[in-house]
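The chain that follows stands alone, in the form predicted alone, written as structure tokens.
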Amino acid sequence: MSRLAPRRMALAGALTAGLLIGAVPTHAQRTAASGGTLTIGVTNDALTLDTTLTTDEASGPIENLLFNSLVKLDAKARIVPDLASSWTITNGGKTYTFHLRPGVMFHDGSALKSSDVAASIARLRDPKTASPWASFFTDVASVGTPDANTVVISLAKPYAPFLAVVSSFLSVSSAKFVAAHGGKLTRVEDGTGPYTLQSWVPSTSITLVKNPHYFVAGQPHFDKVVYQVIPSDASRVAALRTGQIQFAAFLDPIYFPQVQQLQQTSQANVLHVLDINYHMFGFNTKRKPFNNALVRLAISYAIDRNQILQAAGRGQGVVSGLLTPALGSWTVPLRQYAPYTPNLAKAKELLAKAGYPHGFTFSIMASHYLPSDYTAAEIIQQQLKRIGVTAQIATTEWGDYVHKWVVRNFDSFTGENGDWTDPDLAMYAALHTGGSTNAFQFSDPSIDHLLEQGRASTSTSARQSIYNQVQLKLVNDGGPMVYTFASYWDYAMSPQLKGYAYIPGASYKGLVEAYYK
């Protein structure tokens, strides 16, 4: 889940520490050939094609090729035109005027108009939609459409990462199409993207076909893209070896050696990328005992993050806080986090002070769909025994996991969260009182105040200071999450696949320019 960085603002420095194993030709070196079918091996079926509601990692890869926003992130983490060919920022950073490309068509053949953009924003912000991304648009005061090709978004106050927000969380659909389907877009789509939905065989495959009216000349190159559900990582490695699939992403580090072996035998090129997401152990702060910050802090002191990284991440990553090293200078050095040095005596002292001298029992929701996070739950279960706390692992099927996360039906859970490329995107919706992705139901007025200051400030140095305070307070005072580590991903692709460029937070969008040698 992630995508962005404002046009003329250095938001993240080095966004990703990546190593390309096997050279990918530069644009000048290659000649794109059109045609053929790209088959992508994925571990799970998508849950929805409704981008306003998507929170799972299985749906995003499909949506990446179906929809566009006003602006987008390129492979160098710069905001560049998408549906908007240009834009201006006026009125002290409160007015954004976007000029739409002429001649853009939706998949149903209708023309894109400014009213479609306005309707997409309104639907995302509508409380009835219950979008997890609505919190990022709370400062939108109005959306004007002075003509069919112009969108004017007025903000109540300056919002530094607004272009990043638009790039990440706004996808434009046909207003007429949405109305015709009563807003039920789980299995249908009418985007403007390079591919259009042809078929969806549940738990088996999703097939997209080339959009002949795509607004970027010469793109896309493939006639068809098939997302083939192959739950087993070992089977996906084998499918790459035999050519059954030509692209796959691997998160479970157990399989990294097998993926690297494909590279060594010239059966695949591999991109080894430090993710901009972080792994964590989160609490429902409305449930006892996690409504007590001292309990949360005690658990933080009891956790050995290095052990979790080695066991759950197989050492393929780095110990991390709320902001990962991928966000560069925004990230607070780990040495400033007191609980990052395990201290069982301190943990027991805090539990006793909180009224739990003999510990307590609770459950950890975990899904095998996230193998590293399931293993992390098992490691945490063992580590907490040392302070008299009993954790019971509630093994949860992926769809049920997402549902329980949405309705806040858990004691705690292990999982991942997105940093995106700006601290506001990483923090506000997840940590502000009433935030749309605040599954922790966390509320702290002092944190709220800092987050509001951070998103309103246009000074990079002032924002740096604000977000440093937030990070330190959340870790050292017992926030709603225990952050553990950031992991690597391996993206493996056929040696015949050329032109792919990794895009932080929207890795499958880079396939728009891919082609066969």
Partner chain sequence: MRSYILGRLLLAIPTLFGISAVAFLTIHLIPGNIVEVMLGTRTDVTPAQVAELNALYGIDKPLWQQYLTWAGHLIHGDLGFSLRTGLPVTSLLGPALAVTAEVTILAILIALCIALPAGTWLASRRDSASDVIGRVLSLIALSIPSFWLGTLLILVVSIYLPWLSSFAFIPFLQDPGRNLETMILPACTLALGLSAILVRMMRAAMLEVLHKDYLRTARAKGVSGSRVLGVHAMRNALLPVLTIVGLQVGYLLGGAVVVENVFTLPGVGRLVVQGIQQRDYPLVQSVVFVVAALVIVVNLVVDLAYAWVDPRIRYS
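Positions refer to the first chain, counted from 1. These numbers were taken from a predicted model, which means no experiment stands behind them.
Keep in mind that the form predicted together with its partner chain is missing from the display, and what follows is about it.
Proximity to its partner chain in the predicted complex, defined as a heavy atom within 4.5 Å, holds among His221, Lys94, Lys72, Arg241 only for Arg241.
Only one of the listed residues (Glu416, Asp139, Asp304, Glu378) places a non-hydrogen atom within 4.5 angstroms of its partner chain in the predicted complex, and that residue is Glu416. Shown alone here, Leu450 lies farther than 4.5 Å from its partner chain in the predicted complex, counting heavy atoms only. Although the partner is absent here, Gly313 lies well away from its partner chain in the predicted complex, with no heavy atom inside 4.5 Å.
In the predicted complex, its partner chain lies within 4.5 Å of some heavy atom of His403. In the predicted complex, none of the heavy atoms of Pro161 sits within 4.5 Å of a heavy atom of its partner chain. Every member of the trio Ala234, Trp420 and Thr437 reaches its partner chain in the predicted complex with some non-hydrogen atom inside 4.5 Å. Heavy atoms within 4.5 Å of its partner chain in the predicted complex belong, among the stretches 246 to 254, 81 to 89, 315 to 323, 226 to 234, to residues of 226 to 234. Interface residues of 163 to 201, taken as those with a heavy atom within 4.5 Å of its partner chain in the predicted complex (partner not displayed): Thr186, Arg187, in sequence order.
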